[in-house]
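Form predicted on its own, single chain, as structure tokens, below.
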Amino acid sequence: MKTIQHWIDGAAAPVQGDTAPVFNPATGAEQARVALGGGAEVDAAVQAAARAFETWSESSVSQRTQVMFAFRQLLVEHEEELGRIISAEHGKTVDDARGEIVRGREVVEYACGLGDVLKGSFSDQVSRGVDVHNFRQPLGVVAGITPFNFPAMVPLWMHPIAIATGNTFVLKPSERDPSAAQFVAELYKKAGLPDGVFNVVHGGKDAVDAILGHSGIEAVSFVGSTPIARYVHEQATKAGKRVQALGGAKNHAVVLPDADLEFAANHITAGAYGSAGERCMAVSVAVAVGEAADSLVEILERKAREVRVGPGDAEGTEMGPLITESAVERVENGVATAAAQGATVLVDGRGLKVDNHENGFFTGPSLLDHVSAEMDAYKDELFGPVLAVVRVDTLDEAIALINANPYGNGTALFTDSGEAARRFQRGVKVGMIGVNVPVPVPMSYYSFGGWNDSLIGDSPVHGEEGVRFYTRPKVVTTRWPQPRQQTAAGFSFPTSH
């Protein structure tokens, strides 16, 4: 059986120690083993990255840009192959996987233009004969710890910017779908990236803890659940590192009576059940306002029943399986709990079996109506294909509902009213907002990150925020005296004059 190896110093590393199974979620069968690294493997990757940093950090912006352009082209050429690798290990449809590659590639394209973003500033004659300028320099070896749900896109939000700004990188991807990281490492090598600049260490908590505590790592980027984000932030900051720590979400889509309900229901259905709901930006709550409720729920029920569930690589599949059998159990238990707590189960996806894939990790779309803020189905991040409908009377009630939720990742409003949209986007305490856009993932030149429990600390990813995270500024104050001109040195604090 195939064993997925670490990638250290530009090559696959020999497997030493334990391995873990990698499943095909559509069949439930084990299809590979992945090496489980720990302190030794992390240290080897950091040592390789530290050696590479000595030369990569001194490379020209032009050289880094050339590598990024070549890497970007390889992502285009291998999009189908990488998409099928993701689908086979994650379960999402190949089309969906290609979509995440495209969104990740946008960050590479942003990194191709970092020469402009990295420009410093210059102030002439701040004092007599004195000028000031500033510039930014890379940190050193940095690391990323990324989740299973976007094995290509989320790492691509991190390492292209880190590498283009002169850092070297150690990636710890999810051990559930590790092959995408390995494939990307090989593409980097083909693009001309020097050995040691990009490294991959597979593993679980041992590898994570080794990264968080390693003195040779300057910064850590993390995306995952809120409890683990808190842990990562606490441990890494305790070790003196910079930290990006993005947590969980409970994303609301508010529908006003003036909205096109068919349009809204179409997009909410796709946002709720696409990728089987395993997205941090998935729509998990539909907030039906006033007289929109009954008609909206009727359309949502019809559309939920029309979702085509099957293997991710099958023609016509719209929703694939969940990542593991335990994920199915968690989601289906959540539906059962909702029913016990008084929610109306309009569409029940529990117990779904797909022909010829009876052992796959499938559950169908579930739609819950009359959900209240006190129910577990509203409070918990189920991370599966479950859409809860909460009914309120006014837009102000919808805003208050969203703001009372501990998460603040993404939200959307469906309306034809510009006034309502403006009031909504100014009033909600959420980091990313869509107006008639259900999954408002920003473009690469804007930052991605939520508020409240969806972002631990204050550092979102990509865009200029990413550049600032992976670099630090220097300010230089310069005087060039005339030859043999003597300037008296003062012992008091310097001032402009």
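Don't overthink the numbering: it's just position in the shown sequence, from 1. Predicted model only: the values in this text are computed from it and were never measured.
One more form of this protein should be noted, the form predicted in complex with nicotinamide-adenine-dinucleotide (NAD), which is absent from this view; the next part is about it.
- Taken together, 176, 203 and 247 are fully in contact with nicotinamide-adenine-dinucleotide (NAD) in the predicted complex: each brings a heavy atom within 4.5 Å.
- Residue contact check for residue 280: one or more of its heavy atoms lie within 4.5 Å of nicotinamide-adenine-dinucleotide (NAD) in the predicted complex.
- Although the partner is absent from this view, residue 383 contacts nicotinamide-adenine-dinucleotide (NAD) in the predicted complex, with a non-hydrogen atom inside 4.5 angstroms.
- Proximity of residue 158 to nicotinamide-adenine-dinucleotide (NAD) in the predicted complex: non-hydrogen atoms within 4.5 Å are absent; the residue sits far from the partner.
- Although the partner is absent here, residue 172 sits close enough that one of its heavy atoms falls within 4.5 Å of nicotinamide-adenine-dinucleotide (NAD) in the predicted complex.
- Note that among 292-300, 89-97, 114-122, 204-212, the stretch whose heavy atoms approach nicotinamide-adenine-dinucleotide (NAD) to within 4.5 Å in the predicted complex is 204-212.
- Checking 319, 398, 145, 253 for any heavy atom within 4.5 Å of nicotinamide-adenine-dinucleotide (NAD) in the predicted complex turns up a single hit: 145.
- Of the listed positions (378, 424, 361, 231), a single one reaches within 4.5 angstroms of nicotinamide-adenine-dinucleotide (NAD) by any non-hydrogen atom in the predicted complex, namely 231.
- Contact residues in stretch 284-321 (any heavy atom within 4.5 Å of nicotinamide-adenine-dinucleotide (NAD), taken in the predicted complex) are absent; none meets the cut-off.
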